[in-house]
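Next comes just one chain, in structure tokens: the form predicted alone.
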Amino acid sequence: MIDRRGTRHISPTHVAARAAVTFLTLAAVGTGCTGGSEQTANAKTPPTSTASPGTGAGHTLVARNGIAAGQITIPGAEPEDGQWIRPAKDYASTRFSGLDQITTANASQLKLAWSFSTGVLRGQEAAPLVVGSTMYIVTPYPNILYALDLSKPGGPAKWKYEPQPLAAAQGVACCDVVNRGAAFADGKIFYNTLDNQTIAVDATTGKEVWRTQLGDINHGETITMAPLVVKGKVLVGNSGGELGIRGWLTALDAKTGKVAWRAYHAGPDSLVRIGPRFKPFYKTDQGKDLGVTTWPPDKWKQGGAGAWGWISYDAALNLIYYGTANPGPWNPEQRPGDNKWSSTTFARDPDTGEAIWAYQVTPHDLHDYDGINESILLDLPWKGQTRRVLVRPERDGYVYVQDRTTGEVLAADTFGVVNSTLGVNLQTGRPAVNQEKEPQMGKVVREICPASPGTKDWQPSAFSPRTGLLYIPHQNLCMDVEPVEANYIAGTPYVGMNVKMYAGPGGHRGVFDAWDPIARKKVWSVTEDFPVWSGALVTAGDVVFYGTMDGWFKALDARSGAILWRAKLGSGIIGQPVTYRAPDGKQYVAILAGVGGWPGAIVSAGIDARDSSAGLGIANAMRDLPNATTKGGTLYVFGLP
């Protein structure tokens, strides 16, 4: 039915299948607490949210944005062609579409056009691709690739490709058996399987072109990321920092699947591909073989630091940008030192893999903050000149603005509640650690904010050059921790930390922000009950889209944050919305619904919330999610009448 805001309600699909729990259940760690207060050096606490009538969420207007259109530009921007050929839309990772048929004036009229069941009831994190008249979607394990015909009513399947990955891969997947999508280039669809294969499939026929094995599940490696294709090379990184893997980024020849180069994220410079071109901005990132000397002897070999997030590319500079994940184990007392190159942003030459600069966002990561989030590439006015920057809303709770030619941090401002650090020193590039929140063996440390998933995890932001705003989906979680000794056994959990998470100050667990990167502040903010674990999408119609874990797909006014429309889907949403122009000439918006991922595994993997530290500590924070949504695996496509 349709409610008075034009919302289509779709009844949840109840399923009987129960997935196996595939990862670690930790021991309980004491009682809950209320969370800490924001204590960072470079931020202001936003005012308390007030309820918006009928939205089911709070909405706060913090300030008006005064940026003129065109003042911030997207490097390498291409004309809008109505397609969506990579998860981030463009190489700058903006997730901005130039389509403008759907506007703030008519978004309330959006209706379900058609839907498609994937047949897989696990966390659906992928972005659909649209190439010409075909849509491609990738499921979580078993990683089925579907091609849907957009020229026919209802988007029927043209073909499906089933790679049949090893079932045992599910047992070493840290945080659900997700897949974050595919990429299109040169007539082929490229994507990864959970058991560490990268596959090229003919986009027209669905026939396999090549497949390459990149990692080993027996060592705890999996692949969940979406690849990026740059200059004929397919870029892929591994997951598994909680199992003591050795992280890397690998480039494959797009025609043959042969490995062109591999760069490790720990070890001697020769393996990290650090050479004479490497010129990091900060002194603590300068020196020989830091990937060895900043670790205890041989600990770098199980040091984690995978690359399971996002990659951006600047064609003018011929540099790729990406971040590495947490060091292993979580227990920091077992790995004294900075632990390079974990939790680090790299700039590399895509032709050779050579590191050009690196910036370690979180030296000696204490809280599993990683550094894998998206780098949004912008050219923006900064103190009287135009700077080539990358903008990163990171897990540690800061929005970083960095010069992307050198790695210099121009600004680092909190966008949520942060007390684990007390600010970032722009002269040294290092965060000021709050010693009161530092984990210690034999002690439970309480009220650490943000929790291990960070203020924002992998869920990607979107940027609009029309509004000059960055749209950030994220969470509001804090935690108690207790370090314990971790012993390394290949292919088994290597964590060493008991964790218990809960809602941060205010009691809500999710936030969707509009952030001004020049003024360095929030412009408006919407609170949600559950973490906002979906990606964001913004369009030239000044409409921004995101989904909630209890199943609401929403459209907001990109300038004011006012809700324009919402639809209740059959399962919680952790996917990435996209928009496209179909063969009929109309603009549509598509989203995969299917709850899961780290916070949603309590539903998709059947984690028992009676153990408050299950699921690496997040089960306690999400214990009511099974009452709000059910498992799912459906593509929904919306359009105007």
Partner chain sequence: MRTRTYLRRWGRVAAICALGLALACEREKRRFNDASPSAPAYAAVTLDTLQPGVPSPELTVKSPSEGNAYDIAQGKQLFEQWNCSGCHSHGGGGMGPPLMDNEWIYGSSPENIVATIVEGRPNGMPSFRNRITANQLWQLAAYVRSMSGLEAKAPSPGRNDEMQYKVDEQRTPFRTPRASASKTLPAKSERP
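From a predicted model like this one, the values you see are computed outputs, not experimental measurements. Positions refer to the first chain, counted from 1.
Although not depicted, the form predicted in complex with the partner chain is the subject of the following passage.
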Self-check item: Contact residue in the model of the complex, from A167, A432, A562, A519 (heavy atom within 4.5 Å of the partner chain)
Solution: A167
Quiz item: Since exactly one of L426, V444, V259, L112 fits, which has a heavy atom within 4.5 Å of the partner chain in the model of the complex?
Solution: V444
Practice problem: Find out whether any non-hydrogen atom of G615 is located within 4.5 angstroms of the partner chain in the model of the complex, and reply yes or no. | Solution: yes
Exercise. Indicate whether R95 is a 4.5 Å heavy atom neighbour of the partner chain in the model of the complex.
Key: no
Exercise. Answer with yes or no whether A157 is in contact with the partner chain in the model of the complex, where contact means some heavy atom within 4.5 Å.
Key: no
Self-check item: is_contact(R610, the partner chain) in the model of the complex, heavy atom dist at most 4.5 Å
Solution: yes
Practice problem: Work out which of the listed stretches, 102-110, 477-485, 263-271, 85-93, brings a heavy atom within 4.5 angstroms of the partner chain in the model of the complex. | Solution: 477-485
Practice problem: Quick one: name the residues from 235-261 with any non-hydrogen atom within 4.5 angstroms of the partner chain in the model of the complex. | Solution: E242, L243
